[in-house]
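A single chain comes next, written as structure tokens; it is the form predicted on its own.
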Amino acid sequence: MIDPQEPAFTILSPTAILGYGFPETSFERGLAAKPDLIAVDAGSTDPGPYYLGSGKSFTDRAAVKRDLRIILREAVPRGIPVAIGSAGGAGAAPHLAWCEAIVHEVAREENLAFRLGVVAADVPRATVLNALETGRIERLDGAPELTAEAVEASTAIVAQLGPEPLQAAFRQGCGVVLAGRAYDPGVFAALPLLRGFDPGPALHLGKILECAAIAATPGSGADCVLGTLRRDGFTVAALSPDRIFTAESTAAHTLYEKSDPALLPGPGGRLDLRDCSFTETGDGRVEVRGSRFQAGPPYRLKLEGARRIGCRTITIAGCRDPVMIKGIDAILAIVRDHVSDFLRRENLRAELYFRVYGKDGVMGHPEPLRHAPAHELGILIEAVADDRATADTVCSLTRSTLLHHGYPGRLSTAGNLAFPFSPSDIPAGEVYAFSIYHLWQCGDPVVLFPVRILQCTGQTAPSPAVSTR
């Protein structure tokens, strides 16, 4: 068991992602434990490349402001440091500026004064091209080799910051640190590492706390968790009476988003969890020991980039005709051929996709039950083209062709599809794809990602920015 007399560092994780919300009663229980840090992850690549490429947040502004108001209003007067990573969702410059503006609003409205450190995670195209030319870019499993064309086409490129730039902000007396795209565990581990705690348990605890109560039972992305770090291990505790941590739930979240169950790579090395133990202490807490960090030069960061590929229009429709359901693959193939002929005649370029829910809409061809009979299908038609007008045209043509296609055995000529919405065709905006998902052998991250420091005075606009290294 971990000796309770050992020096401890306590971290309050309010919510899985800033803007997802949390009960104030849980947060108050966390405050009662007098945490040494409040840390929160504010983003993810899970919603896909659109948000990185477009510069928009996938979280709601009012919800983010609500969470930030509670956190800052309680943390600043108590002198509890606050760390926020992957600001604004995707963590690029527009997202960071969006989240920073909310921080300033809250500071003025709540009359809060603190030193704010802002760390951008953007990487210039020229820097990536130079790294590509000098052999310092490595592809991740499943990713294509990076090309100069992909770099040039990227509308945004960010690096997943490690703990070092956040540590630089804390060294300079920042009470609140706001970072762009960041390695989730590093946001939680930065300050305890600065205080001399072992990186193995610190980063592993960060891995659990990044999603807050999702790792508890029952899990929730909108509830608070308390982590207590000690010399050679840590404990995690839920802050709602409705939840507990179990050995199984804690170990399960340790496996979350990992390609290897025992090794977790990150900036500067990897976590080795082969000797990890998870012990329930009998009070809804779990004690974790045996996490080790293996430093591994060269220092590498994951790069994420997105490029625009066009515009999307969709139609959602339902089918309950057993004859059509039985022959749906052949019917969709005929419709696709008809649309392809039209595109060739009109010299148009577009991509057409069908997703058939109730058959294989989630998994596609790997679906093992794709030939099992269904009593109804949901059909999603998706057209992607360089411009909205073409996407609209292709989606409309596909929808009308499928609606009136005369397949063998059809009994009614009134139409094959049921539409839940009118209008049936829905312009879905611009489409982006990940263009960069690679490792970058970089130099000193503190030099590459300097801290911009502002003094928030509460009643007035923040002081001019100062860049430090």
Partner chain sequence: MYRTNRPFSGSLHPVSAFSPSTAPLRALARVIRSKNSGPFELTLDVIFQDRGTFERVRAGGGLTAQVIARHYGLDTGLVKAIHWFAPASAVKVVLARTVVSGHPGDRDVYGAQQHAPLLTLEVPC
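Remember, predicted model here, so these are calculated numbers, not experimental data. Residue numbers count along the first chain shown, from 1.
Omitted from view is the form predicted together with the partner chain, to which the following refers.
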property: Heavy atom distance at most 4.5 Å to the partner chain in the predicted complex, all of 6, 9 and 219; result: no
property: Contact flag, residue 361 vs the partner chain in the predicted complex, heavy atom cut 4.5 Å; result: yes
property: Distance check, residue 31 to the partner chain in the predicted complex, heavy atom within 4.5 Å; result: no
property: is_contact(residue 258, the partner chain) in the predicted complex, heavy atom dist at most 4.5 Å; result: yes
property: Residue 428, heavy atom within 4.5 angstroms of the partner chain in the predicted complex; result: no
property: Contact segment among 419 to 427, 22 to 30, 40 to 48, 64 to 72, judged by heavy atoms lying within 4.5 Å of the partner chain in the predicted complex; result: 40 to 48
property: Listed residue (366, 296, 135, 373) with a non-hydrogen atom within 4.5 angstroms of the partner chain in the predicted complex; result: 366
property: The unique member of 351, 198, 100, 321 whose heavy atoms fall within 4.5 Å of the partner chain in the predicted complex; result: 351
property: Stretch 437 to 458: residues contacting the partner chain in the predicted complex, 4.5 Å heavy atom cut-off; result: 437
